[in-house]
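Starting off, we have a lone chain in the form predicted on its own, written out as structure tokens.
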Amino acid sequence: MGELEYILLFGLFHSVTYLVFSLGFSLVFGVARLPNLAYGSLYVLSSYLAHALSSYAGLEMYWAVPTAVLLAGAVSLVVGELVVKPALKMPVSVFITTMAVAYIVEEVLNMLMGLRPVVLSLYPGTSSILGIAVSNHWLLVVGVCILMVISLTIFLLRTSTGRAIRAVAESWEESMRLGIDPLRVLRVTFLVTGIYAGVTGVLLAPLKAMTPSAGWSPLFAAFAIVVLGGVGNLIGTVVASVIYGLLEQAVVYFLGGGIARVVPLLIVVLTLVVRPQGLLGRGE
């Protein structure tokens, strides 16, 4: 029972963080119809920016963190405008250029900061849940992530901009007939999703030492979750995040982290072979 409780608890904890990160990736994927491979670099960039602003610029962490998150959103917007938008009708070009951006960010961080991991301040204290000692920082992470999921849901369902994003994700042609500008929607989507990637990075930096290459692992996880749940399907992303988080923690617990890193790729391959549209996606 102890093993089951551990897997369930930390599986759900990780599921919530994967959900927030994957929602951003899913939104861009759904609106642009293309994967943004630079998305994982925003996760890393925000933690490095928060570290630099607090350590070198002397900002208090409560100022450094939101500033870093907003800068990550701005970088995402620039990537969308300069790299993705000009090549929307050339999927291979977007695939290559966004991957190039990710490697550029990685190499710049390598040159400026080296390979030494960056760790932000941990929220102090521990609590007992199901008889397991849990860092209070995990509780902070889960609380913020749940708030962000609720906020995004309200934004997409209750605001005109959110409804426009859903319409463009459904069909660019139909949305234009309704008077919606898909390129403006794409711009807003890149800004919002960059902020979500940035928040995930600064929240997890105290728990997972960040290196310049640390963005690839969550990117592959998000890719697997989006494919499993169905591209652009937010409910599918929620379901897939829970499945992925629980499965990953079970594999880590019984087989080790090395095997767990293969899980996203296996999920992508199996899903594309068995059900290409994902669990809740619609077939063409």
Partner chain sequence: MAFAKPSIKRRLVRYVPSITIMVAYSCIPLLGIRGFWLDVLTRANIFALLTLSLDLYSGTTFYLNLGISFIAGSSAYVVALLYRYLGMVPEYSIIPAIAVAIALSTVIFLPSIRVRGVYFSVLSLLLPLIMVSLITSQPLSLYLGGEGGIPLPSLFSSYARMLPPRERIPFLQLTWFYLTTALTIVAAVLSYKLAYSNFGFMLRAIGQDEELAEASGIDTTRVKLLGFLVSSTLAATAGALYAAIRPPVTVDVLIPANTLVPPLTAVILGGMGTIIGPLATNYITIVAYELLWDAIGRWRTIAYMLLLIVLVILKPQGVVFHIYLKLRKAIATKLSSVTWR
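Positions refer to the first chain, counted from 1. Since the model is a prediction, treat every value here as computed from it, not as a measurement.
From this point on, the text means the form predicted in complex with its partner chain, which you will not see here.
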Margin query: Taking any heavy atom pair closer than or equal to 4.5 Å as contact, tell me whether V231 reaches its partner chain in the model of the complex.
Written below: yes
Check: Looking in the model of the complex, any heavy atom of I259 within 4.5 Å of its partner chain?
Finding: yes
Next item on the list: Could you confirm whether Y103 comes within 4.5 Å of its partner chain in the model of the complex, counting heavy atoms only?
Entry: yes
Notebook entry, point to check: Does at least one non-hydrogen atom of L178 fall within 4.5 angstroms of its partner chain in the model of the complex?
Noted result: no
Note to self: For the interface check, one of 54-62, 246-254, 233-241, 35-43 should have non-hydrogen atoms within 4.5 Å of its partner chain in the model of the complex; which one?
What the structure shows: 35-43
Check: Can we say V92, I96 and L272 each have a non-hydrogen atom within 4.5 Å of its partner chain in the model of the complex?
Finding: yes
Item checked: Partner contacts for 204-229, taking its partner chain in the model of the complex and a 4.5 Å heavy atom cut-off -> W216, L219, F220, F223, V227
